[in-house]
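A lone chain, given as structure tokens: the form predicted on its own.
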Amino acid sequence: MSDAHLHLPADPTSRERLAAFGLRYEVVASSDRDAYTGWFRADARGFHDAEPAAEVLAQELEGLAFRRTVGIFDDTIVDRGAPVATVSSWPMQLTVPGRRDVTAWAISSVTVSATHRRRGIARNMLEGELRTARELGIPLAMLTVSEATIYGRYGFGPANRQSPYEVDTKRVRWTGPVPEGRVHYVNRDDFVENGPAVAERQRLDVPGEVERWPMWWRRRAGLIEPDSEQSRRIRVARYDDASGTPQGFAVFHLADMDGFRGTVVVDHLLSATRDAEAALWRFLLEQDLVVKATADLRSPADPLPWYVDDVRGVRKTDERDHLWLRVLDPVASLEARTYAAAGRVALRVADALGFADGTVLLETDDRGAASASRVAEPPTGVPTLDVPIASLGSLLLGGVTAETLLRVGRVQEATPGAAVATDAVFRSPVVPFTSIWF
């Protein structure tokens, strides 16, 4: 990963606008330990997390130094060392259809203090991030969101969904495949050591998947605070194929064990092969002394119900948006992926912020390769769709059809049948999904 993003100054447009409210918009250097500590404290407060302990803070300072951290400061408040708003960002690879990936601008840690609402802070932070990404030549931005009503106004659209699942393990019986490999209990360090190679083999299989960073592995394994009760409850199982190669991991813990009617809580299941996925799910569902299994952050198209004899013993307990995309360069973004069929469609993109505004002609061949170009007007006879910029982010990975967006008024047909023509090209055989938060 290049560190060019760490050397850019704060966006001058947002800096000037916020200065009119008496606020400072600054990049917080990781080398400035005091300022970085204040930034982390404000970030934790924004998400209602506990004040980070000194040993945790030390790991955060080192483990997240690859991110560009920005704070907005109010020099009139009592605690001037902590910003009143935070955001962090970095370039990260995003998988797109066709087992390909593209560099995206990952945005995280978006907080605004409850004491400083309605001063244009969020707008200037987000628009500043988009201008920074554009200056770096990054074609799209992305984030995973805690609230669904904020980011559409900046041109982000929901690109995939996620679901938690619950399984009545006493009701169901495994009827899925029984792979030849083996499941082993391993220590938590093994997940940190061998998990990244498994994740990289899996990542290109699913549009919407992203890279993981070293500290993510340590946090997921409970190694940030290894002696805490919560961390010590974490167990790790690894699936090795018949040749002995690790192909998957399940990170889990047991809850509600009073009366030996407990719950298997699946914290993360990672599989590079179908055999690994099947073997690990069977291992989890056949645990002794439990009556239920739960798993958060799974694909809405997860095959879990089809592994067992009683599909009603498996249920989604919720389903919601997860990854949101914001296209900045429509030509580069559209050319990054492959497509389902040969065709020509024109997309008249409306972008109030001006980054992607205009008409793009997309031409695909029977191998799925694409060529995109900006044109003044759609060529005669080419199916043409009017697409607000947020809807382009929703369409990019194939997570929603243009026909659906047409029905709800989020795109318009400039030529009859343009939605169907667009769907024939954009369709993804793999439902997009992002298996982590960032």
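Just count from 1 along the sequence shown to find any residue number. Predicted, not measured: the structure shown is a model, and the values here were computed from it.
This protein has a second form, the form predicted in complex with a small molecule, left out of what is shown; the following refers to that one.
S.K.: With the partner left out here, check for me: in the model of the complex, does some heavy atom of residue 110 sit within 4.5 Å of the small molecule?
M.R.: Output for residue 110 is yes: heavy atoms within 4.5 Å of the small molecule.
S.K.: Would you please decide whether residue 153 lies within 4.5 angstroms of the small molecule in the model of the complex, comparing each non-hydrogen atom pair?
M.R.: Yes.
S.K.: So in the model of the complex, is the small molecule close enough to residue 345 to count as touching (4.5 Å, heavy atoms)?
M.R.: The answer is no: residue 345 has no heavy atom within 4.5 Å of the small molecule.
S.K.: Would residue 122 sit within 4.5 Å of the small molecule in the model of the complex, counting heavy atoms only?
M.R.: Taking the distances in the model of the complex, the answer for residue 122 is yes, it comes within 4.5 Å of the small molecule.
S.K.: Ok, 118, 182, 170, 312: which has a heavy atom sitting within 4.5 Å of the small molecule in the model of the complex?
M.R.: When the small molecule is considered in the model of the complex, the option within 4.5 Å is 118.
S.K.: Can you work out which of 243, 317, 230, 149 has a heavy atom no more than 4.5 Å from the small molecule in the model of the complex?
M.R.: Selected residue: 149.
S.K.: Look at the stretches 383-391, 40-48, 23-31, 60-68 and give the one with heavy atoms within 4.5 Å of the small molecule in the model of the complex.
M.R.: So the stretch in question is 40-48.
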